[in-house]
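The chain below stands alone and is given as structure tokens, in the form predicted alone.
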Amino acid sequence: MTENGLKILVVDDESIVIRSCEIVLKGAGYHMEGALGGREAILKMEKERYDLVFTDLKMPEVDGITLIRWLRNSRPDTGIVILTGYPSQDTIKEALGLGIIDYVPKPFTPAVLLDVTRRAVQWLETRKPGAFAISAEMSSPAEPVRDDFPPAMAAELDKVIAHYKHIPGSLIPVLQRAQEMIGWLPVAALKRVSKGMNIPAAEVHSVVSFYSFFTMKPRGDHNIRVCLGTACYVKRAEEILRNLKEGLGIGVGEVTPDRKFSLEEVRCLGACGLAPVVVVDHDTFGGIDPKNSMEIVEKYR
């Protein structure tokens, strides 16, 4: 299905990465092409326009950051997602400053690639409403999300913003404090942070999308995170996630009816030696047998 009109270009100097993306994205109905490096990508984009570009960072001749700068100057409406195996703090900060939407860690699982792609498409939709007819396979179930929060919380958030407003690089601490107070980051909170700190809304949204510890969806009293990074994935992490979804009766990103539990999947929890890993609130559980997944949850009932 390519009738959605969305065009994706995957840029990487390794053909196996392009082929992997092709198998996953075309299989899900996306129109995708590949370019072996930044130079070839620019040549292609001078002749044709793409809505979304996935690019590696470390490439010969024209690297990812150089390509992103070219895109921002020549194709400012193009959405950008980074493909990287070695994200350094400085490089990611520079990429965020250039307005990337999200990133995909290498090696990636099909689930992670599709999840990031869906969110990138949704981000593009907010900028160009109606531009893409997203197919059923690509869309996420619609769910009502309360966009306001109590005045007392708003007043407290304003105090935090006022404290950090003139401190360079303080966006993340402000967002962390906002999430601690509210439990998640509703759009109203992001708009308040954007206006109060005089930071473009797109930049605030990019930071929230990039870091897995931020969430724009309500969480339960106990938040369960299942790692789907490579080390966990090969040790049956998807089976753990499936058993938790069945046991809790909810999907990823949802909350149980009693608001007791919420379920998330993450790309890496930094505990590969304990794979497969599940984190409940601040408690880490490693070496989990998928058959016993729900035993962890029962401890928090």
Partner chain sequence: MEQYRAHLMICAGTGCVASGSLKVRDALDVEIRKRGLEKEVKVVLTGCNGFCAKGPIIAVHPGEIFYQVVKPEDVPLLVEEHFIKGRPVEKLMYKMPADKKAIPVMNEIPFFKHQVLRVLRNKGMIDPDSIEEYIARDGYQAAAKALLEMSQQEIIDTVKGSGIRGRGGAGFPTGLKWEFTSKSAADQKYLLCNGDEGDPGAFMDRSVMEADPHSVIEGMVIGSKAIGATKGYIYVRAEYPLAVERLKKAIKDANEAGLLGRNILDSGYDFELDVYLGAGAFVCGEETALMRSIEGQRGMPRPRPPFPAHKGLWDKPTVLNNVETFAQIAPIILNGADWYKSLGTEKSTGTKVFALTGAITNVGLVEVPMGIPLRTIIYDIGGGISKKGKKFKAVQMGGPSGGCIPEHLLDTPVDFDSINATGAIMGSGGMVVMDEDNCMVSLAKFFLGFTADESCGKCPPCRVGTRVMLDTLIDITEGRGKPGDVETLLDLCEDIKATSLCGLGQTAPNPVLTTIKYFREEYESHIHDKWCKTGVCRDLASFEIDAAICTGCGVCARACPQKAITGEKKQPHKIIQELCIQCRTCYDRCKFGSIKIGPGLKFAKAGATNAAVADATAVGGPAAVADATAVGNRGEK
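Positions refer to the first chain, counted from 1. None of these values were measured; they are calculated from a predicted model.
Keep in mind that the form predicted together with its partner chain is missing from the display, and what follows is about it.
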property	result
is_contact(Lys291, its partner chain) in the predicted complex, heavy atom dist at most 4.5 Å	yes
Contact flag, Lys245 vs its partner chain in the predicted complex, heavy atom cut 4.5 Å	no
Partner contact for Val187 in the predicted complex: its partner chain, 4.5 angstroms, heavy atom	no
Touches its partner chain in the predicted complex: Pro257 (any heavy atom, 4.5 Å)	no
Contacting member of Leu83, Leu228, Ile100, Leu71, with respect to its partner chain in the predicted complex [4.5 Å, heavy atom]	Leu228
Leu96, Leu171, Val112, Ile182 - the one with a heavy atom within 4.5 Å of its partner chain in the predicted complex	Leu171
Contact check for Ser206, Glu239 and Cys268 against its partner chain in the predicted complex, heavy atom at 4.5 Å	yes
Partner-facing stretch of 40 to 48, 249 to 257, 270 to 278, 53 to 61, counted where any non-hydrogen atom is within 4.5 angstroms of its partner chain in the predicted complex	270 to 278
Within 4.5 Å of its partner chain in the predicted complex: residues from 11 to 42 (heavy atom criterion)	none
